[in-house]
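One chain comes next, on its own, written as structure tokens: the form predicted alone.
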Amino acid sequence: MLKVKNLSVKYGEIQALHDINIELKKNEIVAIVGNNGAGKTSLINTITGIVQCYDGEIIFNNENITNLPTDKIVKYGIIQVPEGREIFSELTVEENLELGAYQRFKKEDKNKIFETLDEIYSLFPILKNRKNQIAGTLSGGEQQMLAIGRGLMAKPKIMLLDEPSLGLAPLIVEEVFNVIKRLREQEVSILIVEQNAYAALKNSDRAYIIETGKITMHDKSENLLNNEKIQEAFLGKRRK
């Protein structure tokens, strides 16, 4: 479905990504795990056209979408939920959700968009209860759910989630990832970038480890979760 081939990215003279190769299949949840500054956000920003690559290709459903403008990437059905949520804090919850469907309003019957809104409220009942509340007054977990819901309003084929656990309490992190896993029912493929290695590996099918802009390991998430090197590097466990 989505293939990144030999992708390299530079910021001036500084190379952020080196020859990256990853793949996301239909209805799959794949995690990109790495520490702060490893290149995770650069990777998804390049996929969505925010950052331009100088080498390599990005292929979506056999079409080359490398370095296309972000608005065209969105039309392909690839949506990014940014780090820090980036909700419109002075608008209501429902206004935020409606903005997620801004491209659909131009070409679809409004009733279909409102059907999607009902689906979001079914997935996130707390948002329905808060639909008239100013978004900036929501808790961190509720804002993350709003950011995901806003992305889903575009009816994406792929969602790229940038640090969805950032700043959330452990119980809220678990709740958010439970929702992410339920997105399979919407036939949405998920690419997650995370510092929280345990949450990412526990809730994904496969994962890639990224260090200083390079993919250093790739396996089923379960295998990586039980890998001693990964446990020592990311999960705070030391070898005996």
Partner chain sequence: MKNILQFILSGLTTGSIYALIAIGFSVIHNATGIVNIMQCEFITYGGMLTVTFYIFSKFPYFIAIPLSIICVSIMAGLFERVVIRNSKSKDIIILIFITIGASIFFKGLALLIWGSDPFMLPPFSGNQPIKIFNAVIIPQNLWVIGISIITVILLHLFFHKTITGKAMRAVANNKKAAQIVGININRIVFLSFVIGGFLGALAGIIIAPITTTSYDVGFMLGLKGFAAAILGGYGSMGGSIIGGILLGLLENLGAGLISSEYKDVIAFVVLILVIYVKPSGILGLAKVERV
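Residue numbers count along the first chain shown, from 1. Keep in mind it's a predicted model, so treat the numbers as computed, not measured.
If you look for the form predicted together with its partner chain, you will not find it shown, but the lines that follow are about it.
Site residues Val4, Lys40 and Phe60 are none of them in contact with its partner chain in the model of the complex, judged by any heavy atom within 4.5 Å.
Listed stretches are 137-145, 123-131, 165-173, 89-97; the contact stretch with its partner chain in the model of the complex is 89-97, by a heavy atom cutoff of 4.5 Å. Interface membership of Leu117, defined by any non-hydrogen atom within 4.5 Å of its partner chain in the model of the complex, is ruled out.
Under a 4.5 angstroms non-hydrogen atom cutoff, its partner chain in the model of the complex lacks Val179 among its neighbouring residues. At the 4.5 Å threshold, heavy atoms of Tyr76 stay clear of its partner chain in the model of the complex, well away from it. Its partner chain is not shown here, but in the model of the complex it comes within 4.5 Å of a heavy atom of Asp71. Contacts between 141-159 and its partner chain, taken as any heavy atom within 4.5 Å in the model of the complex, involve only Arg150.
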